[in-house]
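Look below for two forms of one protein chain, each set out as structure tokens: first structure 1, then structure 2.
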Structure 1
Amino acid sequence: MGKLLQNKKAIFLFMAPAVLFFAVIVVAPVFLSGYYSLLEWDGMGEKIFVGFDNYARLFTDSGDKFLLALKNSLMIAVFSLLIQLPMGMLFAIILSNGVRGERFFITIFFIPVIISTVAIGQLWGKIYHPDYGLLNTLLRNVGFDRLTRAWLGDKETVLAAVITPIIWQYIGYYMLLFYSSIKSVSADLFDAAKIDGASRIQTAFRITIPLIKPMIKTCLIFSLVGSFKTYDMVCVLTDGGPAHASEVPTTLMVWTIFKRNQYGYGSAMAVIIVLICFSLYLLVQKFFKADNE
């Protein structure tokens, strides 16, 4: 085997199919998008080279709402960090402490992750329905009639109404990741902590969390990058509406390319999304590296 690995030709030949596949499916489209983003092109007709005009337009033309969409994604990211991950962690720590019906709760919390986003979107759409929706019915029954509204039809509330199910849906996912990570920590450590008289909270902050740091890093990356890539839930609930109030970069990109026939401009959005996700990844990596030193 060692001999085989020394033979560069063999390495090349073995890797060629996978590399080729990867290049055609993943790498080439990214670079093509980069190329398209420099064009003014309706997808079919003549391609006009416009350099970085599309990028300039993204950040200067307020009518096109790209900055608003970025702001909305940022909101999703912030709430993921402040609510989704801590909630997942809390559940994981509680459950791993040996609660009665541990497996049962794990399954329950994991259910939203398994259900397709389209179904969840439909469910929440019904919850928000102004006439017979659960939310308004509840508000009416407890006497808060003035608070009832068309949650998804109101520019003021739509973003919060869309973010809630996005956050809710994946709490179970992060809980499971944290939980399995905690379970893989040696039980001796917890026993030792107990003997030394550490409280549960002390154990959580001094032992559990530091030991599962690699998993926290992974989850942080998933959660941040996922926030900027969100598409499905927004598409099902509002499709970016009303009047762009719940637009995220991905919905705006699809709309620009396929509805407005502006391939070049839409590709510029795609490139920015890729760049943002990539830099977030690097940022988290760097943050944890600095922390380790």
Structure 2
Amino acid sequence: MGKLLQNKKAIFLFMAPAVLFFAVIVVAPVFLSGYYSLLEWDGMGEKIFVGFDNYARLFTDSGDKFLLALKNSLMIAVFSLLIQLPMGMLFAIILSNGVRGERFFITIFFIPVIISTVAIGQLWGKIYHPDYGLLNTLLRNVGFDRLTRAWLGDKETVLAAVITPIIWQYIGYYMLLFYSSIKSVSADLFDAAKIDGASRIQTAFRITIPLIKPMIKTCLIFSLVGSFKTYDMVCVLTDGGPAHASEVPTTLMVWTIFKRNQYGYGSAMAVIIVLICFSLYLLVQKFFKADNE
């Protein structure tokens, strides 16, 4: 019994720094944001308690920018689920079947993940440039001049122009996660399916995908939560413009707090973002739990 208690003390001693660091960096700011969200405060002057008025403003006519930002994040999440994850899984399944140059292709697909998002944003900003951008230049050269436009300056196209590099950057990330999960499945199962005459499509849907459900769940959580936490790509490409057409909750929150000095109102946005991300996590967990049952 004494040895067990000593082990527990050792475990606590080694965990304490990490737990303390997590509490200071993550937990404390969340509770502080919750406190600030109940105030009308400019960051320096008098704090005026207003209760849940800031939250009410987010979902009324005065908070239409926040509702638009939520809608844009939802669009990013939808395209991530419909394009990013399926393409990542498709590439993983193809590469796990022993394609020639397998390691080379894995490296190539993963390169965008390790490049700074700021650098990628600058790159795509040049691609979208209305005068010398690669996209408009290509359209002119093939005779589609009427399709050229200021992709990041047009409210009709800006959101799609922002979503495209976000999806492109992280396809390789999800591909690698799916690939590692597929490689952990016993090769005997795939050999048995091949002997039984199963096609590659049948093997993928009846063996591969069911056996990597834990990784699918993880990727769904990363994708959904990441969509509502998106900031850097939008900030670099458009900073939420034009006229808030590409605004997401994080960019609107930063703009509200640091440019308009509305710390209470901006903190209410931060709390809603945290609650949405946590709710999405619970929703995915519940879905897969029900599916397993």
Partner chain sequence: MKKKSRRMTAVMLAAILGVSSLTACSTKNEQEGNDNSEASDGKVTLTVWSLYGTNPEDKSAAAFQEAIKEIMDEDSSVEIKLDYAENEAYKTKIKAAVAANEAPDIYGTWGGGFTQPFVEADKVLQIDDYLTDEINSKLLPGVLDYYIYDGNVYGLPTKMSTCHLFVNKKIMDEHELKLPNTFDELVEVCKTLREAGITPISLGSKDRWAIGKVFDMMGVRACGIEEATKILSGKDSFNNPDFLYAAENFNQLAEVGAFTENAVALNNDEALADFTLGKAAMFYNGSWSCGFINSDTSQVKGDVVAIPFPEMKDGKGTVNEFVGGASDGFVINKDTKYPDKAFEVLQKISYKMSLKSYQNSLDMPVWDLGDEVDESKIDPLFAMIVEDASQSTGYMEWWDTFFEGSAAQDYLYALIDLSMGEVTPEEFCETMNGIVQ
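Start at 1 and count along the sequence of structure 1; that gives the residue numbers used here. As the structure is a prediction and not an experimental result, all values here were calculated from the model. Throughout, rigid core stands for the largest set of C-alpha atoms superposing within 1.5 Å between the two forms.
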(Q) Which number belongs to the form predicted on its own, 1 or 2? (A) 2
(Q) At a 2 Å cut-off on C-alpha positions, does residue 12 qualify as shifted between structures 1 and 2 after fitting the rigid core? (A) yes
Q) So with the core overlaid, does the Cα of residue 278 end up 2 Å or more away between structures 1 and 2? A) no
**Q.** Angstrom displacement of the CA atom of residue 21 between structures 1 and 2, core fixed
**A.** 3.1
